[in-house]
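Quick setup: one chain, the form predicted on its own, written in structure tokens, and binding and motion questions come after.
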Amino acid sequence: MNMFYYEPKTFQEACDLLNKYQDDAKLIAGGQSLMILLRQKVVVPEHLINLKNIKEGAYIKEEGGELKIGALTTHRQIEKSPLVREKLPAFAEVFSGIGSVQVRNWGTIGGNLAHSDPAGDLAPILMVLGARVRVISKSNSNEMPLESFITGYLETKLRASEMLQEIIIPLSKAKSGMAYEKESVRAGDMAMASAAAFIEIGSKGITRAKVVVGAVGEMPIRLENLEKELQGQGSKGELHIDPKFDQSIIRMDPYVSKEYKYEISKVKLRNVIQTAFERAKQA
């Protein structure tokens, strides 16, 4: 089957193409995820739309107390951004653990989130930060929490005529800290288990906590019971962390057992909660 190839110069042109070809089209930005699927013939689109020439899609800016990142911004651009390093240093750190420099020079934040691999590094920390995504189509634009955007294994709420335009991260005004850790076979590999935490503190200890475990289930999971247990802790400088979660969510892994994934996840959860708490105290 012949494949038709397009290089739109604007989001509007890309949306027009998506609206026209719907399920017969696939978007490609950095191609770090899609090229594998194309080679394996997991997906065989009739129309391939390359977004790399959409210059308006790559940016990092602060606006209205929020950090806004264009969906076509590369991992390397975010990793090296002075603004990200100033406002969200732990977020910048995450990118140094994604693949190689070559991968980070091509991969985009929007492509990573739209692919929705549960072993990905970005979704867990963006979820604890309360990030939202802007989704656009030919005739519409709307925002939704990243937490509701991701719906399952390689699945999101994106319709065939829609694409990601922007990721929006609220910047906390309180004393806060965040942290992310993952377990992988080699440095830079996809995670076998990961954890992210965001902590805000006040005079009476933790006032807000968000905790996510990643790479163990079909999608990153918020641990709301653990978040509630952390409320009010830390007023005397110590935390009691009991990071249990439902083991039934753990999926099979070619490298390790479910039992290992569960135990290493608990270790990572303790680490990131403690680190986020210490960073909040130093903020």
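Residue numbers run from 1 along the displayed sequence. Keep in mind it's a predicted model, so treat the numbers as computed, not measured.
The next section is about a form of this same protein that is not shown, the form predicted in complex with a small molecule.
Asks: Can you work out which of K87, H115, R76, K138 has a heavy atom no more than 4.5 Å from the small molecule in the predicted bound form?
Replies: In short, H115.
Asks: Just to confirm, with a 4.5 Å cut-off on non-hydrogen atoms, which of L230, M219, I250, L27 contacts the small molecule in the predicted bound form?
Replies: Residue within 4.5 Å of the partner: L27.
Asks: Mind checking whether each of E143, I169 and L223 has a heavy atom within 4.5 Å of the small molecule in the predicted bound form?
Replies: None of them does, since no heavy atom lies within 4.5 Å of the partner.
Asks: Please name which of the stretches 77 to 85, 193 to 201, 206 to 214, 160 to 168 has residues with heavy atoms lying within 4.5 Å of the small molecule in the predicted bound form.
Replies: Heavy-atom contact with the partner occurs in 160 to 168.
Asks: Taking the small molecule as it sits in the predicted bound form, is A92 near enough to touch it, meaning that at least one heavy atom pair lies within 4.5 angstroms?
Replies: Contact check for A92: no, nothing within 4.5 Å of the small molecule in the predicted bound form.
Asks: Does any part of G130 reach within 4.5 Å of the small molecule in the predicted bound form? Heavy atoms only, please.
Replies: Heavy-atom contact with the small molecule at 4.5 Å: absent for G130.
Asks: Spell out, yes or no, whether the shortest heavy atom distance between E181 and the small molecule in the predicted bound form is within 4.5 Å.
Replies: No, E181 is distant from the partner.
Asks: Given that the partner is absent here, does I150 sit within 4.5 Å of the small molecule in the predicted bound form, heavy atoms only?
Replies: Judged by the heavy-atom cut-off of 4.5 Å, I150 is well away from the small molecule in the predicted bound form.
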